[in-house]
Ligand SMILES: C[S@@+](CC[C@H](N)C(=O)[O-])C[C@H]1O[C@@H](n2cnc3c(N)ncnc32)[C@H](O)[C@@H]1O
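Read the single chain below, which is given as C-alpha coordinates and is the form predicted on its own.
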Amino acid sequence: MSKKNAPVSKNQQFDVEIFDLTYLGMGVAKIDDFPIFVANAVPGETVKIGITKVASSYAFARVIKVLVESDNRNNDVDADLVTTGIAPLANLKYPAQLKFKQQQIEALLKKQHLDIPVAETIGMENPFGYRNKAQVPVREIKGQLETGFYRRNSHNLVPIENYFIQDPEIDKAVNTVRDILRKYHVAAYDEVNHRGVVRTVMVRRGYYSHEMMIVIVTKSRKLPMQEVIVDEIRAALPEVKSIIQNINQEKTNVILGEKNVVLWGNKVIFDTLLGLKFAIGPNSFYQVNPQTTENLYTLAAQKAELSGDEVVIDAYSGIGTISLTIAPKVKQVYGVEIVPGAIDDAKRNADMNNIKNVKFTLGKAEEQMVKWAEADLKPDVIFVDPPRKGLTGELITAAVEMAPKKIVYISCNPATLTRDLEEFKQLGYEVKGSIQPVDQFPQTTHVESIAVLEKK
(Lines give C-alpha, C1' and ligand atoms only; values in the text may rest on other atoms or scores of the structure.)
Protein backbone atom coordinates (compact mmCIF):
# COMPACT_ATOMS: atom_id res chain seq x y z
CA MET A 1 0.00 0.00 0.00
CA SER A 2 1.55 3.33 -1.00
CA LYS A 3 1.59 6.27 1.38
CA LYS A 4 -0.85 8.20 -0.81
CA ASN A 5 -3.29 5.27 -0.58
CA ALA A 6 -3.04 4.98 3.22
CA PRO A 7 -6.51 5.13 4.83
CA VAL A 8 -5.35 7.86 7.24
CA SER A 9 -3.61 11.21 6.94
CA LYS A 10 -1.81 13.47 9.40
CA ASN A 11 -4.00 15.30 11.96
CA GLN A 12 -7.06 13.12 11.23
CA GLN A 13 -8.90 11.81 14.31
CA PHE A 14 -10.41 8.35 14.83
CA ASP A 15 -11.94 6.21 17.57
CA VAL A 16 -10.03 2.90 17.65
CA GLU A 17 -9.62 -0.22 19.78
CA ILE A 18 -6.12 -1.09 21.02
CA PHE A 19 -5.54 -4.82 20.66
CA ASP A 20 -1.79 -5.29 21.18
CA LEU A 21 1.53 -3.70 22.22
CA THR A 22 4.64 -3.37 20.07
CA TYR A 23 7.99 -4.50 21.46
CA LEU A 24 8.63 -0.78 22.11
CA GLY A 25 5.50 -0.55 24.26
CA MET A 26 3.23 1.38 21.86
CA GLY A 27 -0.42 0.41 21.52
CA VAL A 28 -1.50 -1.16 18.23
CA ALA A 29 -4.74 -0.41 16.41
CA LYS A 30 -5.84 -1.01 12.81
CA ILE A 31 -7.89 1.04 10.37
CA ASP A 32 -8.82 -0.91 7.22
CA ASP A 33 -6.07 -3.40 8.15
CA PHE A 34 -3.53 -0.53 8.26
CA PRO A 35 -1.45 -0.59 11.51
CA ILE A 36 -1.48 2.48 13.74
CA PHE A 37 1.06 2.70 16.57
CA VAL A 38 -0.29 4.77 19.45
CA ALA A 39 1.86 6.21 22.23
CA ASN A 40 0.53 5.76 25.80
CA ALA A 41 -2.27 3.36 24.82
CA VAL A 42 -3.00 0.06 26.57
CA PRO A 43 -4.51 -3.14 25.05
CA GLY A 44 -8.23 -3.46 25.70
CA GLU A 45 -8.85 0.29 25.51
CA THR A 46 -10.96 2.32 23.11
CA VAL A 47 -9.29 5.67 22.47
CA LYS A 48 -9.74 8.76 20.35
CA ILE A 49 -6.46 9.24 18.48
CA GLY A 50 -4.86 11.96 16.39
CA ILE A 51 -2.58 10.82 13.56
CA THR A 52 0.90 12.35 13.97
CA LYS A 53 2.88 10.70 11.15
CA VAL A 54 2.04 8.51 8.13
CA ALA A 55 4.54 6.13 6.51
CA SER A 56 3.98 3.80 3.55
CA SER A 57 2.79 0.81 5.59
CA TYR A 58 1.95 2.18 9.06
CA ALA A 59 1.18 5.37 10.96
CA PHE A 60 1.86 6.88 14.41
CA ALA A 61 -0.75 8.53 16.59
CA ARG A 62 -1.27 10.11 20.00
CA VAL A 63 -4.11 9.59 22.45
CA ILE A 64 -6.52 12.53 22.53
CA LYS A 65 -8.94 10.89 24.96
CA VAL A 66 -9.36 7.46 26.55
CA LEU A 67 -12.98 6.45 25.87
CA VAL A 68 -12.91 2.99 27.49
CA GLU A 69 -10.07 2.40 29.94
CA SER A 70 -8.33 -0.94 30.48
CA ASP A 71 -8.25 -2.46 33.97
CA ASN A 72 -4.50 -2.82 33.38
CA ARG A 73 -3.86 0.91 32.97
CA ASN A 74 -1.74 2.55 35.65
CA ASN A 75 -2.84 6.16 36.01
CA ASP A 76 -0.48 6.88 38.88
CA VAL A 77 2.44 7.87 36.67
CA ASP A 78 3.80 11.03 35.04
CA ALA A 79 3.02 10.91 31.30
CA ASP A 80 6.50 12.34 30.52
CA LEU A 81 8.04 9.07 31.70
CA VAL A 82 6.10 7.21 29.00
CA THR A 83 6.47 9.76 26.19
CA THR A 84 10.24 10.18 26.70
CA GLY A 85 10.83 6.45 26.76
CA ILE A 86 12.35 6.49 30.26
CA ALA A 87 9.62 4.13 31.41
CA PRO A 88 7.53 3.19 28.33
CA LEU A 89 5.53 0.52 30.22
CA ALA A 90 4.84 2.61 33.33
CA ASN A 91 1.26 3.10 32.09
CA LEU A 92 0.74 -0.67 32.60
CA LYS A 93 0.15 -2.19 36.03
CA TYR A 94 3.12 -4.32 37.04
CA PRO A 95 1.50 -7.79 36.72
CA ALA A 96 0.47 -6.85 33.16
CA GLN A 97 4.06 -5.79 32.39
CA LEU A 98 5.35 -9.20 33.51
CA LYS A 99 2.74 -10.97 31.36
CA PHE A 100 3.62 -8.79 28.35
CA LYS A 101 7.28 -9.81 28.62
CA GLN A 102 6.43 -13.51 28.80
CA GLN A 103 4.10 -13.17 25.80
CA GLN A 104 6.76 -11.24 23.85
CA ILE A 105 9.10 -14.26 24.02
CA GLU A 106 6.25 -16.72 23.31
CA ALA A 107 5.23 -14.80 20.18
CA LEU A 108 8.79 -14.74 18.81
CA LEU A 109 9.25 -18.47 19.45
CA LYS A 110 5.97 -19.18 17.64
CA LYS A 111 7.10 -17.05 14.69
CA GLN A 112 10.33 -19.10 14.58
CA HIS A 113 8.29 -22.37 14.80
CA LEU A 114 10.05 -23.33 18.03
CA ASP A 115 7.93 -25.31 20.48
CA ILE A 116 9.57 -24.21 23.76
CA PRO A 117 7.60 -23.35 26.91
CA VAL A 118 8.16 -19.96 28.55
CA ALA A 119 7.87 -19.67 32.32
CA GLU A 120 6.16 -16.74 34.03
CA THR A 121 8.41 -13.67 34.28
CA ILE A 122 10.21 -13.32 37.61
CA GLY A 123 9.51 -9.78 38.77
CA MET A 124 10.75 -7.44 41.49
CA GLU A 125 9.11 -6.86 44.84
CA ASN A 126 9.71 -3.11 44.36
CA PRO A 127 9.92 -2.40 40.62
CA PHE A 128 10.84 1.29 41.00
CA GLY A 129 14.03 3.23 41.79
CA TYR A 130 16.27 0.29 40.93
CA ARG A 131 18.84 1.74 38.47
CA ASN A 132 22.30 2.31 39.96
CA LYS A 133 23.44 4.46 37.03
CA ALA A 134 22.06 7.55 35.30
CA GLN A 135 23.25 9.27 32.12
CA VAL A 136 21.24 12.47 31.89
CA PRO A 137 21.63 14.90 28.96
CA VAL A 138 22.14 18.60 29.66
CA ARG A 139 20.67 21.27 27.39
CA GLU A 140 19.65 24.93 27.54
CA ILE A 141 15.91 25.61 27.51
CA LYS A 142 14.58 29.17 27.65
CA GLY A 143 17.98 30.46 28.71
CA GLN A 144 18.44 27.99 31.57
CA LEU A 145 20.56 24.85 31.91
CA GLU A 146 18.24 21.85 32.25
CA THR A 147 18.62 18.12 32.85
CA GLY A 148 16.05 15.64 31.62
CA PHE A 149 15.38 13.18 28.86
CA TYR A 150 14.57 13.34 25.17
CA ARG A 151 11.03 12.94 23.97
CA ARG A 152 10.82 9.64 22.11
CA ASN A 153 12.16 9.72 18.52
CA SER A 154 13.48 13.28 18.95
CA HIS A 155 16.26 15.34 20.51
CA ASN A 156 13.82 17.67 22.27
CA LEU A 157 14.74 17.62 25.96
CA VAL A 158 11.93 17.29 28.52
CA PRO A 159 13.07 18.63 31.92
CA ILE A 160 12.59 15.90 34.54
CA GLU A 161 13.45 15.69 38.25
CA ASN A 162 12.01 12.31 39.25
CA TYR A 163 13.09 9.56 36.84
CA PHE A 164 10.97 6.87 38.55
CA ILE A 165 13.27 3.93 37.74
CA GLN A 166 16.51 5.42 39.08
CA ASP A 167 17.79 5.19 42.65
CA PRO A 168 16.18 8.27 44.31
CA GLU A 169 19.61 9.27 45.67
CA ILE A 170 20.86 9.39 42.07
CA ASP A 171 17.94 11.62 41.06
CA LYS A 172 18.79 13.91 43.97
CA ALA A 173 22.46 14.00 42.89
CA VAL A 174 21.59 14.86 39.27
CA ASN A 175 19.38 17.75 40.41
CA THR A 176 22.06 18.96 42.83
CA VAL A 177 24.78 18.99 40.14
CA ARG A 178 22.38 20.76 37.77
CA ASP A 179 21.72 23.48 40.34
CA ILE A 180 25.44 23.98 41.00
CA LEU A 181 26.18 24.26 37.27
CA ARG A 182 23.38 26.83 36.97
CA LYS A 183 24.73 28.79 39.95
CA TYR A 184 28.08 29.26 38.25
CA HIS A 185 26.54 29.91 34.81
CA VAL A 186 28.25 26.96 33.12
CA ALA A 187 27.01 26.70 29.54
CA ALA A 188 25.00 23.66 28.42
CA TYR A 189 26.05 21.89 25.23
CA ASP A 190 24.37 23.03 22.01
CA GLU A 191 24.37 19.97 19.75
CA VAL A 192 23.14 21.86 16.67
CA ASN A 193 26.06 24.31 16.66
CA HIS A 194 28.46 22.00 18.54
CA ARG A 195 29.15 24.65 21.18
CA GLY A 196 28.92 24.95 24.94
CA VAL A 197 30.41 22.99 27.82
CA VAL A 198 28.38 20.34 29.67
CA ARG A 199 26.86 17.56 27.56
CA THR A 200 25.81 14.97 30.15
CA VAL A 201 25.75 14.36 33.90
CA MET A 202 26.41 10.72 34.80
CA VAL A 203 25.94 9.38 38.32
CA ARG A 204 26.74 5.87 39.58
CA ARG A 205 25.88 4.64 43.09
CA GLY A 206 26.74 1.34 44.71
CA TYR A 207 23.57 -0.49 45.74
CA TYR A 208 25.21 -1.99 48.84
CA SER A 209 28.17 0.36 49.39
CA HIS A 210 26.29 3.63 48.71
CA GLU A 211 29.51 4.98 47.22
CA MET A 212 28.73 7.58 44.56
CA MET A 213 30.57 8.71 41.43
CA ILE A 214 29.77 11.94 39.59
CA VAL A 215 30.91 12.22 35.96
CA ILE A 216 30.52 15.56 34.17
CA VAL A 217 30.84 15.04 30.41
CA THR A 218 32.11 18.16 28.66
CA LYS A 219 32.82 19.26 25.12
CA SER A 220 35.53 21.59 26.43
CA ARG A 221 38.89 20.45 27.78
CA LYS A 222 38.42 22.62 30.87
CA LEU A 223 35.43 22.76 33.21
CA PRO A 224 34.88 26.41 34.16
CA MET A 225 34.85 27.12 37.92
CA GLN A 226 36.10 23.57 38.45
CA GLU A 227 37.37 23.95 42.02
CA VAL A 228 34.27 25.61 43.47
CA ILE A 229 31.96 23.21 41.60
CA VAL A 230 33.87 20.23 43.04
CA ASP A 231 33.79 21.73 46.54
CA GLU A 232 30.04 22.36 46.36
CA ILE A 233 29.29 18.86 45.05
CA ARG A 234 31.31 17.34 47.92
CA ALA A 235 29.54 19.52 50.49
CA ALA A 236 26.07 18.75 49.14
CA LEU A 237 26.57 15.02 48.47
CA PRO A 238 28.54 13.31 51.27
CA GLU A 239 28.29 9.86 49.60
CA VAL A 240 30.45 11.05 46.68
CA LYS A 241 33.82 9.28 46.53
CA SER A 242 34.77 10.22 42.97
CA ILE A 243 34.25 13.29 40.76
CA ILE A 244 35.41 12.87 37.17
CA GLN A 245 35.40 15.03 34.05
CA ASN A 246 34.95 13.02 30.86
CA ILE A 247 35.96 14.91 27.72
CA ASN A 248 33.97 14.24 24.54
CA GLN A 249 34.76 16.75 21.77
CA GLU A 250 33.23 14.70 18.95
CA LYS A 251 30.02 15.59 17.12
CA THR A 252 28.35 12.33 18.06
CA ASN A 253 25.49 10.71 19.96
CA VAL A 254 28.01 8.55 21.86
CA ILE A 255 27.79 9.73 25.46
CA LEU A 256 31.32 9.24 26.81
CA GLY A 257 34.58 10.33 25.27
CA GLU A 258 37.85 8.44 25.65
CA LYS A 259 39.54 10.77 28.17
CA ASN A 260 38.70 10.81 31.89
CA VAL A 261 40.19 13.36 34.29
CA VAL A 262 39.82 12.75 38.02
CA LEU A 263 38.82 16.11 39.51
CA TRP A 264 38.64 14.75 43.05
CA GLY A 265 38.72 11.44 44.90
CA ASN A 266 39.11 7.95 43.47
CA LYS A 267 39.00 6.87 39.84
CA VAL A 268 36.60 4.03 40.75
CA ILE A 269 33.91 3.25 43.28
CA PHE A 270 33.24 -0.17 44.80
CA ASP A 271 30.17 -2.32 45.27
CA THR A 272 29.41 -5.97 45.98
CA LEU A 273 27.54 -8.57 43.94
CA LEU A 274 26.78 -12.00 45.40
CA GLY A 275 29.29 -11.28 48.15
CA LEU A 276 32.15 -10.33 45.77
CA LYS A 277 33.70 -6.88 45.55
CA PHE A 278 33.77 -5.06 42.20
CA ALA A 279 35.53 -1.86 41.11
CA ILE A 280 33.35 0.33 38.89
CA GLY A 281 34.81 3.10 36.72
CA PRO A 282 33.11 5.66 34.46
CA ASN A 283 33.32 3.34 31.43
CA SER A 284 32.74 0.02 33.23
CA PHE A 285 29.88 -2.17 32.09
CA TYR A 286 28.20 -3.09 35.38
CA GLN A 287 24.64 -4.37 35.58
CA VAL A 288 22.32 -1.44 36.35
CA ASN A 289 19.95 -3.52 38.48
CA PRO A 290 22.15 -5.44 40.95
CA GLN A 291 19.16 -6.84 42.89
CA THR A 292 17.81 -8.71 39.89
CA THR A 293 21.31 -9.47 38.56
CA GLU A 294 21.98 -11.49 41.71
CA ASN A 295 18.79 -13.48 41.07
CA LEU A 296 19.69 -13.86 37.38
CA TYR A 297 23.21 -15.18 38.00
CA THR A 298 22.11 -17.44 40.87
CA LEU A 299 19.41 -18.93 38.64
CA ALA A 300 21.85 -19.35 35.72
CA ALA A 301 24.30 -21.22 37.98
CA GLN A 302 21.49 -23.43 39.32
CA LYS A 303 20.31 -24.26 35.81
CA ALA A 304 23.90 -25.20 34.86
CA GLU A 305 23.75 -27.83 37.66
CA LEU A 306 27.40 -27.26 38.58
CA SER A 307 29.09 -29.96 40.67
CA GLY A 308 32.49 -28.34 41.27
CA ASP A 309 34.65 -30.16 38.70
CA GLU A 310 33.61 -28.30 35.56
CA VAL A 311 35.68 -26.30 33.10
CA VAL A 312 33.60 -23.28 32.10
CA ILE A 313 33.82 -20.68 29.32
CA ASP A 314 32.26 -17.25 29.88
CA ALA A 315 31.89 -15.55 26.49
CA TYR A 316 31.36 -11.76 26.70
CA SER A 317 32.84 -11.75 30.19
CA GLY A 318 32.85 -7.96 30.69
CA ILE A 319 34.34 -6.94 34.04
CA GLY A 320 34.03 -10.54 35.19
CA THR A 321 30.69 -10.55 37.00
CA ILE A 322 29.55 -13.98 35.75
CA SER A 323 33.05 -15.51 35.68
CA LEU A 324 33.86 -14.51 39.24
CA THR A 325 30.49 -15.47 40.72
CA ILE A 326 30.71 -18.89 39.01
CA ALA A 327 34.40 -19.50 39.86
CA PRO A 328 33.89 -20.77 43.45
CA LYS A 329 31.48 -23.43 42.11
CA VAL A 330 33.76 -24.88 39.37
CA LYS A 331 37.31 -26.06 38.61
CA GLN A 332 38.33 -23.44 36.00
CA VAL A 333 36.77 -20.49 34.16
CA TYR A 334 37.97 -18.98 30.87
CA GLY A 335 36.56 -15.52 30.07
CA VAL A 336 36.83 -13.57 26.82
CA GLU A 337 35.97 -9.90 26.27
CA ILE A 338 36.67 -7.44 23.43
CA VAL A 339 36.93 -4.22 25.52
CA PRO A 340 40.47 -3.73 26.90
CA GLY A 341 39.30 -1.66 29.89
CA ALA A 342 36.80 -4.36 30.85
CA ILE A 343 39.53 -7.02 30.78
CA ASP A 344 41.69 -4.82 33.03
CA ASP A 345 38.73 -4.42 35.42
CA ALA A 346 38.04 -8.17 35.36
CA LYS A 347 41.64 -9.05 36.25
CA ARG A 348 41.67 -6.46 39.03
CA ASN A 349 38.35 -7.77 40.37
CA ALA A 350 39.72 -11.34 40.37
CA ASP A 351 42.80 -10.21 42.33
CA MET A 352 40.69 -8.13 44.73
CA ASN A 353 38.56 -11.20 45.54
CA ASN A 354 41.58 -13.56 45.62
CA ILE A 355 40.07 -15.76 42.88
CA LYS A 356 42.79 -17.79 41.14
CA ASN A 357 40.87 -20.18 38.86
CA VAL A 358 39.80 -17.62 36.24
CA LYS A 359 41.76 -16.67 33.11
CA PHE A 360 40.62 -13.62 31.11
CA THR A 361 41.57 -13.16 27.44
CA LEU A 362 41.23 -10.01 25.34
CA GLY A 363 39.60 -10.62 21.95
CA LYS A 364 36.42 -11.11 19.96
CA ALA A 365 34.35 -13.85 21.56
CA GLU A 366 33.72 -15.66 18.25
CA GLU A 367 37.42 -15.60 17.26
CA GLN A 368 38.65 -16.73 20.68
CA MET A 369 36.07 -19.52 20.79
CA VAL A 370 37.43 -20.81 17.46
CA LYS A 371 41.00 -20.68 18.87
CA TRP A 372 39.94 -22.56 21.99
CA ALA A 373 38.15 -25.16 19.86
CA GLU A 374 41.28 -25.59 17.70
CA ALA A 375 43.38 -25.92 20.89
CA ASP A 376 41.06 -28.78 21.92
CA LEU A 377 39.70 -27.01 24.99
CA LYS A 378 36.76 -29.09 26.20
CA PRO A 379 34.47 -27.02 28.43
CA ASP A 380 31.70 -28.73 30.35
CA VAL A 381 29.54 -25.57 30.35
CA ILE A 382 29.57 -22.45 28.19
CA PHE A 383 27.88 -19.29 29.45
CA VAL A 384 26.95 -16.71 26.80
CA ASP A 385 25.61 -13.27 27.71
CA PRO A 386 25.85 -11.39 24.40
CA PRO A 387 24.86 -7.82 23.51
CA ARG A 388 21.48 -7.17 21.88
CA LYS A 389 22.69 -8.30 18.45
CA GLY A 390 23.03 -11.83 19.85
CA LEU A 391 25.54 -14.50 18.81
CA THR A 392 27.36 -14.82 15.50
CA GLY A 393 27.07 -18.03 13.51
CA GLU A 394 30.84 -18.45 13.96
CA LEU A 395 30.52 -18.46 17.76
CA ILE A 396 27.57 -20.86 17.70
CA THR A 397 29.48 -23.29 15.47
CA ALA A 398 32.61 -23.10 17.65
CA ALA A 399 30.55 -23.64 20.82
CA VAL A 400 28.84 -26.72 19.36
CA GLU A 401 32.16 -28.15 18.12
CA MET A 402 33.45 -28.06 21.71
CA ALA A 403 30.54 -30.37 22.64
CA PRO A 404 29.79 -28.96 26.11
CA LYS A 405 27.23 -30.73 28.28
CA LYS A 406 25.34 -27.44 28.63
CA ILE A 407 25.20 -24.01 27.05
CA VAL A 408 23.61 -21.41 29.33
CA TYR A 409 22.29 -18.53 27.23
CA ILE A 410 21.52 -15.29 29.11
CA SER A 411 19.72 -13.01 26.68
CA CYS A 412 18.75 -9.32 26.73
CA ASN A 413 16.93 -9.50 23.38
CA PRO A 414 14.22 -12.14 22.74
CA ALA A 415 14.39 -11.59 18.96
CA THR A 416 18.05 -12.58 18.66
CA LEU A 417 17.63 -15.30 21.30
CA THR A 418 14.95 -17.08 19.27
CA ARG A 419 17.00 -16.69 16.08
CA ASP A 420 20.06 -18.22 17.79
CA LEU A 421 18.05 -21.05 19.38
CA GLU A 422 16.92 -22.09 15.91
CA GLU A 423 20.55 -22.21 14.74
CA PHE A 424 21.58 -24.26 17.79
CA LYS A 425 18.71 -26.63 17.03
CA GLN A 426 19.99 -27.18 13.49
CA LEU A 427 23.37 -28.12 15.01
CA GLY A 428 21.97 -30.59 17.51
CA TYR A 429 21.39 -28.55 20.70
CA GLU A 430 17.90 -27.98 22.12
CA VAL A 431 16.49 -26.05 25.06
CA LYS A 432 16.08 -28.17 28.18
CA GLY A 433 12.90 -27.28 30.10
CA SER A 434 11.47 -23.79 29.71
CA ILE A 435 12.90 -20.35 28.99
CA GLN A 436 12.89 -18.24 32.16
CA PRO A 437 12.22 -14.50 31.69
CA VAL A 438 13.59 -12.22 34.42
CA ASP A 439 12.46 -8.60 34.75
CA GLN A 440 15.82 -6.87 34.92
CA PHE A 441 14.35 -3.55 33.71
CA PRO A 442 10.86 -2.95 35.18
CA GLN A 443 8.74 -0.21 33.58
CA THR A 444 10.62 -0.68 30.28
CA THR A 445 10.07 -3.07 27.38
CA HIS A 446 13.40 -4.88 27.91
CA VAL A 447 13.45 -8.42 29.27
CA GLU A 448 16.31 -10.73 30.23
CA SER A 449 15.87 -14.47 29.95
CA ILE A 450 17.77 -17.69 30.58
CA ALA A 451 17.73 -20.71 28.29
CA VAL A 452 19.74 -23.89 28.90
CA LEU A 453 20.73 -25.93 25.83
CA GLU A 454 21.80 -29.56 25.81
CA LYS A 455 22.78 -31.95 23.04
CA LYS A 456 19.79 -33.79 21.58
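None of these values were measured; they are calculated from a predicted model. Position 1 is the first residue in the sequence shown; the rest follow in order.
Just so you know, the form predicted together with this ligand exists too; it's not on screen, but the next bit is about it.
Participant: This ligand is absent from this chain, but in the predicted complex, do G318, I322 and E337 each have a non-hydrogen atom within 4.5 Å of it?
Facilitator: Per the other structure, all of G318, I322 and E337 touch this ligand.
Participant: Have a look at 364 to 372, 201 to 209, 222 to 230, 350 to 358 and name the one stretch with heavy atoms inside 4.5 Å of this ligand in the predicted complex.
Facilitator: Careful reading of the contacts points to 364 to 372.
Participant: How about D171 - does it come within 4.5 Å of this ligand in the predicted complex, if we only consider non-hydrogen atoms?
Facilitator: No - in the predicted complex, heavy atoms of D171 and this ligand never come within 4.5 Å of each other.
Participant: Would you please decide whether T218 lies within 4.5 angstroms of this ligand in the predicted complex, comparing each non-hydrogen atom pair?
Facilitator: Residue-level check for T218: no, no contact with this ligand.
Participant: Determine whether any heavy atom of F100 comes within 4.5 Å of a heavy atom of this ligand in the predicted complex, and answer yes or no.
Facilitator: No, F100 is distant from the partner.
Participant: Report whether the minimum heavy atom distance between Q287 and this ligand in the predicted complex is within 4.5 Å.
Facilitator: So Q287 counts as contacting this ligand.
Participant: Which one of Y130, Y163, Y189, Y297 is close to this ligand in the predicted complex, taking close to mean a heavy atom within 4.5 Å?
Facilitator: By the 4.5 Å heavy-atom cutoff, the listed residue in contact is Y297.
Participant: Could you tell me which one of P35, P387, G393, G428 places a heavy atom within 4.5 Å of this ligand in the predicted complex?
Facilitator: Checking each option against this ligand in the predicted complex, the one that comes within 4.5 Å is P387.
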